[in-house]
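The chain below stands alone, shown as structure tokens; this is the form predicted on its own.
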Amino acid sequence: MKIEEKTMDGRYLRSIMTRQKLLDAARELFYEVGFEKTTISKIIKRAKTGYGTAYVHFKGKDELLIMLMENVMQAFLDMADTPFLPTSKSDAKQLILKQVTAFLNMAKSNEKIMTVFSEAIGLSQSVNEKWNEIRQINIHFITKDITYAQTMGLARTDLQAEIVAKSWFYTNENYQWAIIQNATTSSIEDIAWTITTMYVDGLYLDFEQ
């Protein structure tokens, strides 16, 4: 390996390490004091890096939080994009119930970072915009699933798919935050079964109809 290549590799590795140190420091502080009380100065000090070096990687704490949430958000989107090809109302209910339960369990399993994210949504425009982006993508996928069910004669066609999709996502979102904030005494299983049953019974058709 040439000297120039070794130098470039060394710089790249140091860059990766610095980036990870900043992410780790941000996570620790977010968990300890929350989003509002965390400052980029505290993060840089905890990571033991220079200001100039830190700003090469991240513009501020908002970007650090979004980066920490990236894997979680992608998991939500991957779940929303799961193939949905029911052949009956009961089949649709099973698929939807499984998806809702997984969605709520995923939120619960990421409770710490989701709690920070929930706080940040009300304080940071960029974090709020990122969540709105995730929300709209989820609604798009739900709308696509409803349209498929309507096309296959499984769901009511007198209801506008996108309006139903928004209502369904907001219901799931509200319970997601309630579970994360321990604002409900109901189990995830009971919540998932109840809201899925109401949703499916309101939208899907029985064959005898």
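Everything quoted here is computed from the prediction, not taken from an experiment. One-based numbering along the sequence shown.
This next part talks about the form predicted in complex with a further copy of the same chain, which is not shown.
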Original post:
Is a further copy of the same chain close enough to 162, 193 and 199 in the predicted bound form that each of the three has a heavy atom within 4.5 Å of it?
Top reply: yes
Original post:
According to a 4.5 angstroms non-hydrogen atom cut-off, is residue 174 in contact with a further copy of the same chain in the predicted bound form?
Top reply: yes
Subject >> Interface membership of residue 68, a further copy of the same chain in the predicted bound form, 4.5 Å heavy atom rule >> reply: no
Subject >> Contact flag, residue 186 vs a further copy of the same chain in the predicted bound form, heavy atom cut 4.5 Å >> reply: yes
**OP:** Answer yes if any heavy atom of residue 42 is within 4.5 Å of a heavy atom of a further copy of the same chain in the predicted bound form; otherwise answer no.
**Re:** no
Original post:
Which pick from 48, 156, 59, 140 sits with a heavy atom within 4.5 Å of a further copy of the same chain in the predicted bound form?
Top reply: 156
Original post:
Which one of these stretches, 49 to 57, 27 to 35, 147 to 155, 163 to 171, sits within 4.5 Å of a further copy of the same chain in the predicted bound form when only heavy atoms are counted?
Top reply: 163 to 171
Original post:
Does anything in 121 to 147 come within 4.5 Å of a further copy of the same chain in the predicted bound form by heavy atoms, and if so which residues, in order?
Top reply: 122, 123
